[in-house]
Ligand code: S3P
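One chain comes next, on its own, written out as structure tokens in the form predicted alone.
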């Protein structure tokens, strides 16, 4: 199986941005499970939630993650399994099947941040967050509730990196240091002749 560096964690902890930075440093491709899901569904995540509900979204997410975790593609230059950095959606690890597939695929690192930092990042973000709108509660209250609901799922990750006080580059460096310590080789193909 190709080595995979999997980034998970609550929304607005930096999974996509840190994933891009880590993938660039490793020379690997980045696969964002939410972006793959949107491409497959042909509509944005808020529209999937609004039109089909969370159950349909989670079913699509399971399909996408199963495919990403078992990716059989090989490098065209060296023939080795293609490594990747995978960034998951915030609730992906809650699903037992997603967790099992990702655990078999590689090293799972959970990005975290303090609730007030997440709230500030969400307020600055142009992205709609359907799970934060449920119940009509204040943002900080809803974030705290969701974080508590997902705490056990996130605790199953191999490692945690708190991004609250780190830049994207600093967060990526911490992730890569953990990945290197775990004995995962930063696979790079030899240049073709």
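Residue numbers count along the first chain shown, from 1. As the structure is a computational prediction, the values presented were derived from the model and not from experiment.
Keep in mind that the form predicted in complex with this ligand is missing from the display, and what follows is about it.
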- Here the chain appears without its partner; judged in the predicted complex, the stretch of 22 to 30, 62 to 70, 124 to 132, 163 to 171 with heavy atoms within 4.5 Å of this ligand is 124 to 132
- Task: State the residue from 43, 156, 58, 52 whose non-hydrogen atoms include one within 4.5 Å of this ligand in the predicted complex.
- Result: 58
- Look up in the predicted complex whether residue 11 has a non-hydrogen atom within 4.5 angstroms of this ligand, and give yes or no. yes
- Is residue 83 one of the residues lying within 4.5 Å of this ligand in the predicted complex, judged by heavy atom distances? no
- Does residue 89 reach this ligand in the predicted complex, with heavy atoms at most 4.5 Å apart? yes
- Message: Is this ligand in the predicted complex close enough to 4, 36 and 103 that every residue in that trio has a heavy atom within 4.5 angstroms of it?
- Response: no
- Taking this ligand in the predicted complex, which residues along 108 to 125 bring a heavy atom to within 4.5 Å of it? none
